[in-house]
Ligand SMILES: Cc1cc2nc3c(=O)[nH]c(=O)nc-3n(C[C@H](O)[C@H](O)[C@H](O)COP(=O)(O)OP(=O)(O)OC[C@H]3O[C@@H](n4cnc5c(N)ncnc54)[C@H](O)[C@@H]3O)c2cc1C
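The chain that follows stands alone, in the form predicted on its own, written as structure tokens.
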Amino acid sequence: MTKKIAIIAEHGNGKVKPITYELYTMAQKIQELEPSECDIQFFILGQDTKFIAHSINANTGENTHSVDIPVAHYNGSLYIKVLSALFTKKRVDYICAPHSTSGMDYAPALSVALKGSCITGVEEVEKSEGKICFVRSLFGQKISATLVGESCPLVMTLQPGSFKPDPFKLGSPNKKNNGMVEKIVECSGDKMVFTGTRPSASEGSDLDKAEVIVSGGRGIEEEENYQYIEMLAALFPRSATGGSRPICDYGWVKYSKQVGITGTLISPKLYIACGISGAAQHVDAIRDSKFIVAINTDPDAPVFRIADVCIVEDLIEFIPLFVEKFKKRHRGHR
């Protein structure tokens, strides 16, 4: 019996978001591990999404359904209503959604509506004892959990950056079709009303322009110690300072400086993480940095797994000594 994998495409401003093709890569991994034949299909909700549906179809060769709903912007309750009705009629075994603000909103509720199961923040797919398992991090990436969905359908959200799309695995021309259009009617009367959007505080920040970014985390211990982050950043031209989510929540730095999935995704030439343990949301946002240096007192900090240089020191002591040494050496070369 053929199993079905549904991918909920994420889009914005008339374009497919990159996470959609990461979801496709995860779906292909499930397809490889499943003993039964698997059929992959895309579903995209919104107004006038037929053009985007054809774009997905052209890039993957998979059946793509453009589901017309009467709102142009994300509406959680409407997504749950439409998708639960759709997947009750069109039975599926796996539902893949992005671990984004919208995906995290509708995915758990959708699994409840369909009487299925839900695994959020998936980072890897593997097979163990004949079962397909899904791996995710817990407790700030200190441990990994291997989970199995016991009820069908299994709704999953994928952690961005976990599966990089392979251009050689995209659909072949002989699979291409014109993309099917699925129109949903009687969707009016929803209680949630869209009132507008506001730009993220990180838009227009210096983080996306800087060649060197120095960020502080909970390890700086006090707000006044952020001066050490600024002191280190001042050594480099075209630099900027950032912070992890916790110190932004504490109000020690502005949210415009937040580095993370819910803040700013960065790709500088050099990234220096000071007192940052390395939660998944932070690590995924810095993966594209060319060179990563991490300073932390905990030798087992998850950030050390992706750092090119690992410094196990107290940043409050290390940074002033480093700055002093750097300036002496710089003066000596004049």
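A quick note: this is a predicted structure, and the numbers were derived from the prediction, not measured. Just count from 1 along the sequence shown to find any residue number.
Only in words, not in the display: the form predicted in complex with the named molecule, which the text now covers.
Contact segment among 23-31, 39-47, 63-71, 261-269, judged by heavy atoms lying within 4.5 Å of the named molecule in the predicted bound form: Heavy atoms within 4.5 Å of the named molecule in the predicted bound form occur in 261-269.
Touches the named molecule in the predicted bound form: Ile316 (any heavy atom, 4.5 Å): Because a heavy atom of Ile316 falls inside 4.5 Å of the named molecule in the predicted bound form, the answer is yes.
Partner proximity in the predicted bound form: Glu222 to the named molecule, non-hydrogen atom cutoff 4.5 Å: No.
Interface membership of Pro246, the named molecule in the predicted bound form, 4.5 Å heavy atom rule: The answer is yes: Pro246 has a heavy atom within 4.5 Å of the named molecule.
4.5 Å heavy atom contact, Ala53 and the named molecule in the predicted bound form: Close contact is absent here: in the predicted bound form, Ala53 is far from the named molecule, nothing within 4.5 Å, heavy atoms only.
In the predicted bound form, the one of Val135, Met231, Ile80, Met104 near the named molecule [non-hydrogen atom within 4.5 angstroms]: Result of the distance check: Met104.
Residues within stretch 284-300 having a non-hydrogen atom within 4.5 Å of the named molecule in the predicted bound form: Ile295, Asn296, Thr297, Asp298 sit within 4.5 Å of the partner.
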